[in-house]
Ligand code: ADP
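First, one chain by itself in structure tokens, the form predicted alone.
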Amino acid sequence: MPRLPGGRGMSLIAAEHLCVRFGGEEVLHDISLRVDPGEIVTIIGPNGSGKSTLLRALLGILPPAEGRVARAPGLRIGYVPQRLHIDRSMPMTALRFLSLPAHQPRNRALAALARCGVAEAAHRQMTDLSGGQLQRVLLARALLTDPALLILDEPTQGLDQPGEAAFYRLIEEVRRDTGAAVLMVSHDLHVVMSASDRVICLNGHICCEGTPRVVSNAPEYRALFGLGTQGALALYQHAHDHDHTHDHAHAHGPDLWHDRAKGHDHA
């Protein structure tokens, strides 16, 4: 498995000094991050901060201008896109959708839908599903690969707060039951899970990184999102308590945001 620069333990995927440019304009600058087995990492940032671009670079869809992305050998990734456009003139049930592009045994596909709480959607047209049902079907499809890493690009966009909370509870259950790591991005602060092992604040570069508690108190985070965000990171609460007193910034330590933010002005 790839090692984080400076090497402390093994990772599923790691970026090292990653830069991405479009037409000569640098969209992402000097990004170094890692995702370890079984952890939940959430990337937040304002619109246009490069979150989806970063995911595409990690997935190998976009080539880096500088730096590199390393993945564990044989890494299986399940991907839930930000949105899915379906041609309303093409009939397709959720069960049929799960067998694209590779055929899935019927019982396995039905089990995946049931696991994601949408067993009733199996024979419904994809175009007739609600936003929440559609996201759960997309998650079911991603889980059919038995991924070690789930990558979700703003998976709750368009859902109301109860729908968001229900979806994130499902993600927690999937992580608990399968051991899959989760990397997801969001532009809405209130959908960041308090159970995230780490939160990465992105604005073309990594501004700050650490547990939700560390990031929410970072001056760089406040500069981006203002002072009225207290409690936003914990809006989605869990039925059980989590101990985040140990910072999960790995090799960077709990004061990472001081180091990462030097020389940057987000005012």
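Heads up: residue numbers just count along the shown sequence, starting at 1. Only a predicted model underlies this, so the values are computations on that prediction, with no experimental measurement involved.
FYI, the form predicted in complex with the ligand isn't displayed, but the following is about it.
Checking 67, 37, 219, 46 against the ligand in the predicted complex, a heavy atom within 4.5 Å turns up for just one residue: 46.
With the partner omitted here, the residue from 145, 178, 161, 82 that has a non-hydrogen atom within 4.5 angstroms of the ligand in the predicted complex is 82.
Though the partner is left out of this view, residue 52 does reach within 4.5 Å of the ligand in the predicted complex, counting heavy atoms only. Although the partner is absent from this view, residue 59 stays clear of the ligand in the predicted complex, with no non-hydrogen atom inside 4.5 angstroms.
With a 4.5 Å cutoff on heavy atoms, residue 223 does not count as touching the ligand in the predicted complex; it lies far away.
Applying a 4.5 Å heavy atom cutoff to the ligand in the predicted complex picks out 22, 27 from 15 to 42, in order along the sequence.
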